[in-house]
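Read the single chain below, which is given as structure tokens and is the form predicted alone.
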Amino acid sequence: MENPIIELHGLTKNYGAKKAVDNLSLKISKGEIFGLLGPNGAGKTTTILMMLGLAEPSAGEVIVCGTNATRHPIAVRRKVGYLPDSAGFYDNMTALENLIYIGRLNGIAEREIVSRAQKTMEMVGLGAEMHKKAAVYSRGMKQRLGLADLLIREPAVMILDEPTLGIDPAGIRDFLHLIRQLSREQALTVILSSHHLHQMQQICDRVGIFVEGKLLAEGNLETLSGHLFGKDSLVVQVSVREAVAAPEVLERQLRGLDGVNSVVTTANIWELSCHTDVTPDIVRLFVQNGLNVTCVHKKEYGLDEIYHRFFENNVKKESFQWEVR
């Protein structure tokens, strides 16, 4: 990875005899949405605190935007915005007044602060609600205001810790869409910490799987799936209407396709394990053999199955309370 915006080298954090983070090395590039995935106590929040310079590593180092976060934490926090799982605002002030106040605290020039705050409120979809008191804002609206709090500072990196907690399903969908849009339009690097597997799969370019302070694996779905399930990372199931007259001949033809690793047939259902997606070639062979294909189903491993397979392979299930939502 060329010119990463975040680099973690051998990062370790001990609390007495307990290792909260264990020899973590990771690089995250500019404009990437990276997910920290794991159960409570996995080390995600401790890693975030070290990225922000709010906790000192027991070993290793954190480099954010070219700056050592431990030695120069204030310089790092000027470039990094952090949204906790519950953002707090002054309820007796309007959302716009809250944002203007935040802008002043961050040294934004008085001549531009109002227009910049208004523009930021529009950006996060709160333009029509900016003059309402923060007290009447819903949980989802407050999280959007929290994003505005980060964006008015024009950060290079945004760290979001369980940002969708307590938001209704429609609000979650809109919030995730907003994060992805902001990342793509402004080349913002986003680090998202969560244990909501489906949400992480929707938005993240890559994820890191954390258990007991260790990074077990990192990558996109394809990389993680290939690492776990090897070359048999895609299963294609084909159903045909009639019995095959010479199944051994068709099986030999299917095995001869580049990308097919194994073929199993039961009655009129054929299941093929593949290391590349050659579904059109598979279907074509069935048709060429005069068979009526009634259904083609591709099984690709999602983040849910990938995480739980890593989890089962590396730790005892009863060690953690894990919730899939």
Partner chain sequence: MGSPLVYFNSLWPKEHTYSPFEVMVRKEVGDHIRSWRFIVMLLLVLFTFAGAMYVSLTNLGKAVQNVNDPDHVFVYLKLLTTSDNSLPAFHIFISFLGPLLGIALGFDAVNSEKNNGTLVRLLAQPVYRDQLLLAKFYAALLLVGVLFLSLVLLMVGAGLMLTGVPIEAAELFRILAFAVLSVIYVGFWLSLSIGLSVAFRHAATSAITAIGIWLFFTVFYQIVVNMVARAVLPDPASLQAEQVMAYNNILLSFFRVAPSQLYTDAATTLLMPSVRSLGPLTMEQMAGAIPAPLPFRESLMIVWPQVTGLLAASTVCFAGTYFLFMRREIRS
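The term rigid core refers to the maximal set of C-alpha atoms that superpose within 1.5 Å between the two forms. Bear in mind that the values here come from a model prediction, so they are computed numbers and not experimental data. Residue numbers count along the first chain shown, from 1.
Below: the form predicted in complex with the partner chain, not depicted.
How about residue 82: is it within 4.5 Å of the partner chain in the predicted bound form, going by heavy atoms?
Within the cut-off, so yes.
Taking the partner chain as it sits in the predicted bound form, is residue 185 near enough to touch it, meaning that at least one heavy atom pair lies within 4.5 angstroms?
Because no heavy atom of residue 185 falls inside 4.5 Å of the partner chain in the predicted bound form, the answer is no.
Report yes if any heavy atom of residue 200 sits within 4.5 Å of a heavy atom of the partner chain in the predicted bound form; otherwise report no.
Output for residue 200 is no: heavy atoms all beyond 4.5 Å of the partner chain.
Quick one: does residue 110 come within 4.5 Å of the partner chain in the predicted bound form, counting heavy atoms only?
Residue 110 belongs to the contact set for the partner chain.
Residues in which of 121-129, 240-248, 91-99, 186-194 have heavy atoms within 4.5 Å of the partner chain in the predicted bound form?
Stretch 91-99 is the one.
Looking at 138, 86, 223, 253 here, can you tell me which has any non-hydrogen atom within 4.5 angstroms of the partner chain in the predicted bound form?
Looking at 138, 86, 223, 253 one by one, just 86 meets the 4.5 Å heavy-atom criterion.
Exactly one residue in 281, 56, 61, 277 has a non-hydrogen atom within 4.5 Å of the partner chain in the predicted bound form; which is it?
When the partner chain is considered in the predicted bound form, the option within 4.5 Å is 56.
In the predicted bound form, do 9, 65 and 180 all put a heavy atom within 4.5 Å of the partner chain?
Verified in the predicted bound form; spot residues all out of contact, no.
Just to make sure I understand: among 29-54, which residues lie within 4.5 Å of the partner chain in the predicted bound form, judging by heavy atoms?
Contacts from 29-54: 45, 46, 49, 54.
Given a core-based superposition, decide whether the C-alpha of residue 95 shifts by 2 Å or more between this form and the one not shown.
Result for residue 95: yes, a 2 Å-plus shift.
Yes/no, residue 157 Cα shift of 2 Å or more between this form and the one not shown with rigid core fixed
Superposed on the core, residue 157 moves its C-alpha less than 2 Å between this form and the one not shown.
Quick one: once the rigid core is lined up, does residue 240 have its C-alpha move by 2 Å or more between this form and the one not shown?
Where the cores coincide, residue 240 shows only a C-alpha shift between this form and the one not shown that is less than 2 Å.
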